[in-house]
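Just one chain is shown here, as structure tokens, and it is the form predicted on its own.
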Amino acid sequence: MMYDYFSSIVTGITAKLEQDPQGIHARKRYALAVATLGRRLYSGDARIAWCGVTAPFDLLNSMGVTSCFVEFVGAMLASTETAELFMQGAEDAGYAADSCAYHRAVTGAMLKSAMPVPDFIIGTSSPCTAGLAVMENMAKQYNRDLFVVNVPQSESPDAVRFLARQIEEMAGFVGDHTGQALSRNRLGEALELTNEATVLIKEIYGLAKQKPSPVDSRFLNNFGVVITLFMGTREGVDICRGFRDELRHRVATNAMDASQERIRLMWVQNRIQFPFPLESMLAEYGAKIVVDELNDVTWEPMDPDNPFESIARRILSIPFSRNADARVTHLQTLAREYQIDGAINPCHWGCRQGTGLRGIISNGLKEIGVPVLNLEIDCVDSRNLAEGQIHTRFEAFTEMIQG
């Protein structure tokens, strides 16, 4: 099912791009890359590793491994409106209905043999232990070896050394399971490509900060999370260059749609994955999402001569790898840099990063004069969606900001 789904997307987008080969079409080319990755995961031909969100994908790419975080499948199932079937299967098997729906969908897909069998698994304690539990279940289900990367919640020298040793051990683990040891030259080349992409990403976010912003609410949707899968590859650099070029073009041609930016918003955590009329709802009130929490570069350039420590520092810098105070400070910084008027927190059900920190995040942004709309919504499970209520609350929120 999923292989056919991704194949149809690849075919459709390729046909559209061929009609205008000289166009930039950043979002289409990005979607094509994501669909191609999805098809490769389900092809049965690739060497696959299912991973945690903060795994070092550039290292894995340098070792010829097709890797992806498991939540990707939960998001794809939600976008195709098939997640309910798999979540129900997980619930029928005894998994709690109030746990994270990303993980319930993945677990249900695993129980129904709708997940590709991995060659090995790389779990990470960041961003959440629930994701790690899914990895442990997957290792048992498929009888595959699991390597767990324990991510400290500090950036002290000891924490960096501790994590760097684990990354080096992980590289040995991958080499043992692929039969091909890590090449320091290839890893160095991958990290150089990561640096090249990062320079472009910084420019993308710099352009997005303009007022009015050249981004629309959808343009950089989930970009900061998903682009990590392409780090360390030339394809990743090309994707980033496409986004940069399209934003430059919008600025040069004044295609900024300023009328839709009476209210500048920040989105906290990840977006709603199932079909939901968010963009039209925002446009109705002249509101625009100009920044997502995870659309940021928080790390220094990678050092190919000191790869493991460099990767460790990057992982530790990601907001989800840090404690609540550090995450709030990061959100405050983004709010100031993007000059936002308000923030939306979807408070994803069953998530300590979302629902669990709602009060701390609200208070932290309130300290700098930024109101927060907390939505009681499951970003993957649409069965309990109260769209009318959300629309009413959003209307009141925008009126309060304008008032």
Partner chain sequence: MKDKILGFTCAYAPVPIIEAAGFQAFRVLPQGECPDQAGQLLHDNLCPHVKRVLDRALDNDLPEVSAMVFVNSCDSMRRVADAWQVARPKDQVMVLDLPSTNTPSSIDFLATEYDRMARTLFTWNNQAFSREKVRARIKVWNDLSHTLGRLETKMGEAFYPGLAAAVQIVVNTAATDSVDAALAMAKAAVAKAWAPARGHAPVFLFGNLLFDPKVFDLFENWNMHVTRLDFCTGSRFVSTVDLSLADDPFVALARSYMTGPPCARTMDITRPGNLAQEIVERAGASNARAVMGFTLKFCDPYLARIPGIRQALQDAGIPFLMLEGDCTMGDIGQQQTRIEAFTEMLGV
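Numbering follows the first chain given and starts at 1. Since the structure is predicted, the reported quantities are computational estimates derived from the model, not experimental observations.
Keep in mind that the form predicted together with its partner chain is missing from the display, and what follows is about it.
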Task: in the predicted bound form, segment of 280-288, 224-232, 90-98, 174-182 with a heavy atom within 4.5 Å of its partner chain - done: 90-98
Task: Answer option from 254, 333, 80, 323, heavy atom within 4.5 Å of its partner chain in the predicted bound form - done: 323
Task: Answer option from 260, 217, 317, 137, heavy atom within 4.5 Å of its partner chain in the predicted bound form - done: 137
- [ ] Please check if residue 165 has a heavy atom lying within 4.5 Å of any heavy atom of its partner chain in the predicted bound form.
- [x] yes
Open item on the list: in the predicted bound form, is there a heavy atom of its partner chain that lies within 4.5 Å of any heavy atom of residue 353, even though the partner is absent here?
Closed with: yes
Open item on the list: Taking its partner chain as it sits in the predicted bound form, is residue 347 in contact with it (heavy atom to heavy atom, 4.5 Å or less)?
Closed with: yes
Open item on the list: Is it the case that residue 304, even though its partner is missing from this view, gets within 4.5 Å of its partner chain in the predicted bound form, heavy atoms only?
Closed with: no
Task: Within 4.5 Å of its partner chain in the predicted bound form: residues from 17-54 (heavy atom criterion) - done: none
